[in-house]
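The form predicted on its own is given below as one chain in structure tokens.
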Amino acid sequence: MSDIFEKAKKTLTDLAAESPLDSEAIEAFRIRYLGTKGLIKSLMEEMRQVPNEQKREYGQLMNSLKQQAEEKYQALKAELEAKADNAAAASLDLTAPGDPMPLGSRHPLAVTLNRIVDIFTRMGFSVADGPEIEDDWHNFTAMNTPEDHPARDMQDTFYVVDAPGILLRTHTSPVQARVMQQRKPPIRIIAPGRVYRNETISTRSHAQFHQVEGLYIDEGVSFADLKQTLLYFAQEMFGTPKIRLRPSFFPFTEPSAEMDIWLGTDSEKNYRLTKGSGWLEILGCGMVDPDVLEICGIDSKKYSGFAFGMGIERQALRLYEIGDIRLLFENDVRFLRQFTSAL
């Protein structure tokens, strides 16, 4: 049995003396010692010839041989990879220009919003923000829409199952409520942001869209102030010569109105867009209902105000003559590149 032990010890000695230098030699080392037909495998098979009293010693020798072969193989691989990395780093030209990055563009919704914000900030409005996950009170009750109000049917939304009274806001009006609670008049803000509606049967293509709302509260604010503010906005935004205000209903304004801009019927496009009337609806507006002021802690006998709201998608479609609202949500780079010049 000494021949088997001598053979195993010689294999261990030869293993220690091995020093392959390249990947092919290292792979040959692995096959010779650790392969299915390698030396260690064949020595393992000779275990049956070892007397029982020596099997434990032989097994320990085999385990040591296998462990050393595996460790050496891994060490040789790591050394070879380190040499390759060092060689690559040495050949790297740090002065070479980097890979060119393609030029992107702003999304048309972002461009449109920035344009709206610019117009209103020039009129003295500041930008206010609020949470998209709202509570029922700020989203509905503070806007003069109690739980049993039929207007809630027009703004069905998404509710958080494990948190009663918590929902995704249906408009940015909760921002107005929070500002009225936190500040004293005069208040002059616009509130842009994402809003959500559960409208599976709707002309809208998405449950999420974007709004910007405005609020002005001070002593002596009248409907004439509202009209002049919106006329200036329409002229700056669309270059339209005139606007029209039509009676409407919103639970948080009284009186309420829809605003149309004049496009005319001199072109086939405008005739089709306005259905022959020359007028195109843009936004909703009205004087803030005194009940809303009182709910939010503002004296309605001393202060009055107006509010308005518009969908940013609608403004973008009109401003850039985009024929399909779905294009705004597909993130097609070919479509978005058209707006690089609009920055």
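For clarity, every value in this text was computed on a predicted model and none was experimentally measured. From 1 onward, residues are counted along the sequence shown.
Below, we refer to the form predicted together with a small molecule, which is not included among the displayed structures.
- The candidate stretches are 250-258, 159-167, 77-85, 122-130, and the one lying within 4.5 Å of the small molecule in the predicted complex by heavy atoms is 250-258.
- Only one of His210, Arg197, Arg178, Arg188 comes within 4.5 Å of the small molecule in the predicted complex through a heavy atom, and that residue is Arg197.
- In the predicted complex, at least one heavy atom of Ser173 sits within 4.5 Å of a heavy atom of the small molecule.
- In the predicted complex, Ala316 stays away from the small molecule, with no heavy atom inside 4.5 Å.
- Taking the partner from the other structure, the small molecule in the predicted complex has no heavy atom within 4.5 Å of any heavy atom of Trp279.
- A residue is said to contact a partner when one of its heavy atoms sits within 4.5 Å of a partner heavy atom; Ala307 meets this definition for the small molecule in the predicted complex.
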